[in-house]
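Shown next as structure tokens: one chain only, the form predicted on its own.
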């Protein structure tokens, strides 16, 4: 198992708070896997992103116990080089945009300029990532003249262009319509195909079921469940913990209770069609 990041008994508290936002977290992230993070509001999902990115406590201050390791090295020892290892996409794309560049092309190139990458390589990498994220036609536009979906794709491009091994993405579709959501997940899927490690916080549980490999469930700052997405997203007991589950999984459980011999609880629409059709055939025999 190739572990890219590990949290060892991590507890984090924001300044002036008595209750930890993350409690006794032990977590290993395997290189190339897609982790979906779910849980009710206030469960610690965004704080988890801050801890994994090193923003907590370096930016938010507060107190942290335990260790966060990136490729076996303490996260605080990386300094500015951490941005080459970990890419962080904020929930609100306005937060991601620097505000100091006039065009989308310059905005995407900004991080590479800060790292002193040669001009020729900057141009090549920016063009490549703009093609991949379908924002080539926006190259000369101001970043602040874009729609929400376009701006989120620019925010993703500005992170992806740095070629980090690990992407931490906090609710990228919360402010987007279905079309914008689809375009963002198309980019995330391309990152998955490139074997990037992805940690995604997302309330749209059907998207987690479709794309993730494993699911982490948080409640009151603690990780209460983790594992293969099919196992986690078919666990009805998690509904009582405030976690959302796919509607097809809930339907599958109810059909089982009514006597339909489903071989497994589906977590995606495709799986639901297959297992229900199989069960109906079995019943006719």
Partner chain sequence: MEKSYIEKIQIHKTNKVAGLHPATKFLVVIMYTICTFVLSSVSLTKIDLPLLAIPWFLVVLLLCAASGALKKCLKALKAVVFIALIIFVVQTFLVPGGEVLVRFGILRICEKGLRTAVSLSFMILDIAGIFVWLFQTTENKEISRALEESGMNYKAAYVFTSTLQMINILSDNSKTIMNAQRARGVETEGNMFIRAKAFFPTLVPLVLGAVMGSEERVLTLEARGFSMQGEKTHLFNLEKSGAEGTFKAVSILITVLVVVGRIALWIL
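Small disclaimer: the values here were computed from a predicted structure and weren't measured. Positions refer to the first chain, counted from 1.
Heads up, the form predicted in complex with its partner chain isn't pictured, but that's what we're talking about next.
Heavy atoms of residue 123 reach within 4.5 Å of its partner chain in the model of the complex, making it an interface residue. Remark: residue 186 does not count among the residues lining its partner chain in the model of the complex, judged by a heavy atom distance of 4.5 Å or less. Residue 190 falls outside the set of residues with a heavy atom inside 4.5 Å of its partner chain in the model of the complex.
Interface membership of residue 197, defined by any non-hydrogen atom within 4.5 Å of its partner chain in the model of the complex, is ruled out. Comment: its partner chain is not present in this chain, but in the model of the complex one of 166, 130, 201, 75 has a heavy atom within 4.5 Å of it, namely 130.
Taking its partner chain as positioned in the model of the complex, the residues of 97-111 that bring a heavy atom within 4.5 Å of it are, in sequence order, 97, 98, 99, 100, 101, 102, 103, 105, 106, 107, 109, 110, 111.
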